[in-house]
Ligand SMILES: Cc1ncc(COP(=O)(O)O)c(C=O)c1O
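Just the one chain here, the form predicted on its own, laid out as structure tokens.
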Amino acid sequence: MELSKFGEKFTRYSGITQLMDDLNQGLQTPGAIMLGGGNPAAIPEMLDYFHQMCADMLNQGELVNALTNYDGPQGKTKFLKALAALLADEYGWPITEKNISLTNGSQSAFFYLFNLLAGKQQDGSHKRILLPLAPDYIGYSDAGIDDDIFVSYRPEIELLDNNQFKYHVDFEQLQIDNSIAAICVSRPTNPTGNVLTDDEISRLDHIAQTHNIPLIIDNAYGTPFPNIIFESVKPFWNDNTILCMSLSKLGLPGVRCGIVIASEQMTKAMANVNGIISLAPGSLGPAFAHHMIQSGDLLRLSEQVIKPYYQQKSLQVVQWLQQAITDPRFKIHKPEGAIFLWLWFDQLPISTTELYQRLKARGVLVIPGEYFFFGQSEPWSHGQQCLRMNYVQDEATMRRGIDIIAEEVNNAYVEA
């Protein structure tokens, strides 16, 4: 079989494919310790809520209606209107349903956005997406139809007390010219749990507006929902912002519902792409979310159930890690949000890709740090010393996984 250029590129085995393969295989492997993928926690109160919600929607006919009808290519109209009203009321954003489009998961949203803006242009030039703070989300890296659509920059590293650290945007090194199509950041950041400060977001917005390019903010873990964010920051949007949200980390990854809040022009473009590629986004996710808005539960559950669950869990797992790995070269990025911890093994004599293989052989699945530093002009040893670890499993599973990580890391240091 001879593949097209598109076919050749998108049949390659990639970092995100490995992540999802590990997630799928691990779920089917008894005893596997799943610390790699992005499955949200099975929060008992949320599971009970979803069970009751489905029963209520089934009784009211809403569930069958969502299953048996197409929505429009922009997404379910009543949800778009309800969400726009909610955000306008909560934050004063000047938006209507004309500013919101839905996709089949946020991964699809970023594929659309990156290829609408970057790659080969109509005039023959080539444009790229600027990631001002690497590491960033592994799922971006292979999303371009054209190759080489990302340029990223190393962060400043602030060393903190208690063997923690924090990344900051190094504004001094950022270079913006006509080859940059957009700026993109995740907030909280996947993989590190870093939260860009209000000042950093404001400065990036100013740079984007000065160069007449959009600022894309991946808000999959952020405020106001699912609100897995532990720092006091302001939600941000203006007409030059493309804010991407999701229902996945609310606890509904299976419904594959991405949400894009942008200018009316971009919303029309996204709807047109939806129509061509998938006819329409799925109906179940928007139906669930509309029900949660109408009942007043969406923001309440995010603030009172989801956020405190993850915040308490992250602090506990940090404590277990620090008890298990006492080598002073081991550091943890300050957990400020998202569902991952970012582990830095300074001066590690093996790469974290090799460490990943050693851990996988013992049934522990993590993600090596190298995958998150794409778009760099040259390799950086720091990226080969880091791991992303999901912290959402139960206590017994987390402690077993941490013990195995500690053994393998200590063995690697001793071997050197």
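In case it trips you up, residue 1 is the first one in the sequence shown, and so on. These numbers come from a predicted model, not from an experiment.
The following text describes the form predicted in complex with the ligand, which does not appear among the structures shown.
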**Prompt:** Want to guess which of 90-98, 242-250, 197-205, 163-171 is within 4.5 Å of the ligand in the predicted bound form, heavy atoms only?
**Reply:** 242-250
**Message:** Does the ligand, in the predicted bound form, lie within 4.5 angstroms of each residue among 333, 369 and 386, using heavy atoms as the measure?
**Reply:** no
**Message:** Please tell me whether any heavy atom belonging to residue 186 falls inside 4.5 Å of a heavy atom of the ligand, as the geometry stands in the predicted bound form.
**Reply:** yes
**Partner contact for residue 190 in the predicted bound form: the ligand, 4.5 angstroms, heavy atom** = yes
**Asked** residue 216 near the ligand in the predicted bound form, any heavy atom under 4.5 Å?
**Response** no
**Asked** Does at least one non-hydrogen atom of residue 307 fall within 4.5 angstroms of the ligand in the predicted bound form?
**Response** no
**Fill in**
If we test each of 73, 132, 105, 286 for a heavy atom within 4.5 Å of the ligand in the predicted bound form, the one that passes is 105
**Answer option from 110, 237, 150, 344, heavy atom within 4.5 Å of the ligand in the predicted bound form** = 110
